[in-house]
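Taking the form predicted alone, here's one chain by itself in C-alpha cells.
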Amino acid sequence: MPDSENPVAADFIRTLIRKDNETNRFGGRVHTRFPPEPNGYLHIGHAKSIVLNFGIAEEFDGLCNLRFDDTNPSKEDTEYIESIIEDVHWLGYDWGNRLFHASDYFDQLYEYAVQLIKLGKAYVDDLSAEELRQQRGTLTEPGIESPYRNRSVSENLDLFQKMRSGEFPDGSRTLRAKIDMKSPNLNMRDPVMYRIKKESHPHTGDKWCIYPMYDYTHCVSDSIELITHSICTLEFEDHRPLYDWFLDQLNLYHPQQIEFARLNLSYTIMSKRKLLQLVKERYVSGWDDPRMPTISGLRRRGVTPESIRTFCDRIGVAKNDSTVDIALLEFCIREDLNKRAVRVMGVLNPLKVTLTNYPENQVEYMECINNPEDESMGTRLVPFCRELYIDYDDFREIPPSKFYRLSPGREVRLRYGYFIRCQEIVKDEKGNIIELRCTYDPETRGGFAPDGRKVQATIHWVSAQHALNAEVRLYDRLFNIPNPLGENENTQFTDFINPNSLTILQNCKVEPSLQSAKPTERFQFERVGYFCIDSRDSRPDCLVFNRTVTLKDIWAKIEASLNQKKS
C-alpha cells in the first residue's frame, strides 16, 4: 500500500503491466489474485506475494481475488482458511465479494477432464505412485510410456466415471494428461491430473472422492476468474508450458504468467512443512508463537501491518533468488514503531531505591511525553515517591571504565524526575544487593539543575508504590545461524534452533499508566525496546509483554557504513 513517503520502486512486473495497458492487452484490465493453499499458516514470504498482488491491483485501479487452491483434503483445514482470511485482512487488504475456492470449480474441472479424454489427451492409468516415479525418468533420461497410455477413449471415459463413483480404492488409479514422456521438461511427461482420495474436503464435504492436482487446477482457475496477470514465484517457471498446454487443449482464456523470486530471509525458514514440524514437535508453542515468521506470529509479537508492507515494498521484486538480511525487517519494524508507540517506563530487573531525604508520604506526578516524534500524542502523568525501582543493570558497585550510570557517590538523572546520588548499598546475607539508599536534589525537578551542573547518564524508573506487576518475554531470532537449512534441504535445521530465542522475566515492574492497556497494544519501554501486550496470556493481575524488537538499529549502521564507502 504505497504512500508518498514510501513509494513503490519500479520493477519488471509493473513495467510489463504498463506495456500491456499501453497495447490494450486484456482490454486495459488488471486483475490479479492471491491463491494460497490452505495447508498451513501464512508467513512473511506470503506477505510479499499479498502486498505485490493487492498492491498492483490498487496501483492500476484493478481487482485482486483471494482464492484458496484447495486441492488436497489430506493437508487442508478450516483453521488454516480462517487464519489466512484474518491475516490478509490484517495486512490491510480487501477482496470485496471475490473470495473463491478452487473447489468451487470442481464440477467444471471434471467436465474439462472429460473433454480432454474425448480429445485423446488424457487417460486413466493403473500404475502405482512408486511405478509412476520410476517411469517418469530424470533430467538426463527420458520417461517410459505407461502400458495403459493407449486405452481407448470409451474405456478411459468409463474408468474415469467409475473413479468418480468411488468404485476403486485410494491410489489404485489416476487420470494423466497425454503429452510427451520424452520432453526435457519433466512437468510435461504425462502429469497426473486426478487421484483417488476418499476423504472429506473442508469446503465440499463428501461430494468428491477424486481430487484434481494442483497444476491442472491452478491454471484453469486463473482462466475461469479471467485473471490478467498470474504472478507467481520462480519455481513455477517450468510449470508454465504445462499450464499453457492445458489451456490450449481446452481452448480457454490465457492469463499472462509472470514469475518473481520468492523471499528468502536470513535466520528464518519459509517452508510450511518445516514450520509445521516446529509446531508438532513443540519447538514453539504454536503457529502464532512470536518467534515464528508467520503473519499471526508477527502480529502477536507486536509487529504492525504497515511495517510489513513497507518491508515488502523496500525489498521489491526481482528475477534472481537472493537472501534478505533480517536486520532490514527489524529496521522497518523499529522505524514504524518509533512513530506510533507510546513511550513508557518498565523495569525488567528491579532494584529497589529509597530516597532517604524524600518526604515519606509524598507523591508527585511527573509529566512525561508520550512520543517525541508526534506531539499530538500528548503527555501523561507518572507518580513519583520515596521508594522506586530502577533496573539492576543501571547500577555497579565497582563501575568499569566508561560506565556512567549509578554507582556509589555518583549522581545520575531520573528520567522526567530528579538528580539522585547513591549513598549506601544494602545487601542480603548472601551478599546480593537488594536496595540502594540515595538522596535526591529537590531543586532538579524535571531533570535539570538550576546551577547548571551536568550528569552523564539518565536512567528510567517506576514508583514502587504504584508499579504494576508484569511478565516480560524477550523474544530473539529462532535460529542462531543465517541459513538454518544449509546447502542441503535435508539438513537437520532443528539443530540450529537458538536456545536463547525466548527468555521469560517475571517480577518485572511497569508504570501504572499501563493498567488500561489492551491486548496487542504497542509501547516503547524507554531505553529497553519495543513491546506489546500479549494477546493470549496477559491478564489484569499480571500483564504479559512480548518484546517486538530491540532499540539497537543494526540495519541503519549497515546502511551508514555502505553509504560511507560509496562516498
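Keep in mind it's a predicted model, so treat the numbers as computed, not measured. We number the residues from 1 along the sequence you see.
Missing here is the form predicted together with the RNA; even so, the following discussion is about that form.
The candidate stretches are 430 to 438, 354 to 362, 315 to 323, 113 to 121, and the one lying within 4.5 Å of the RNA in the model of the complex by heavy atoms is 315 to 323. Proximity of 105, 223 and 407 to the RNA in the model of the complex is absent: no residue of the three has a non-hydrogen atom within 4.5 angstroms.
Here is the short version: of 331, 246, 384, 479, the single residue with a heavy atom within 4.5 Å of the RNA in the model of the complex is 331. Residue 132 is the only one of 132, 422, 270, 497 with a heavy atom lying within 4.5 Å of the RNA in the model of the complex. Though the partner is left out of this view, residue 372 does reach within 4.5 Å of the RNA in the model of the complex, counting heavy atoms only. Using a 4.5 angstroms threshold between heavy atoms, residue 307 stays clear of the RNA in the model of the complex. Although the partner is absent here, residue 25 sits far enough away that none of its heavy atoms falls within 4.5 Å of the RNA in the model of the complex. Residue contact with the RNA in the model of the complex: residue 466 places no heavy atom within 4.5 Å of it.
Annotation for 506 to 521: no interface residues with the RNA in the model of the complex [heavy atom within 4.5 Å].
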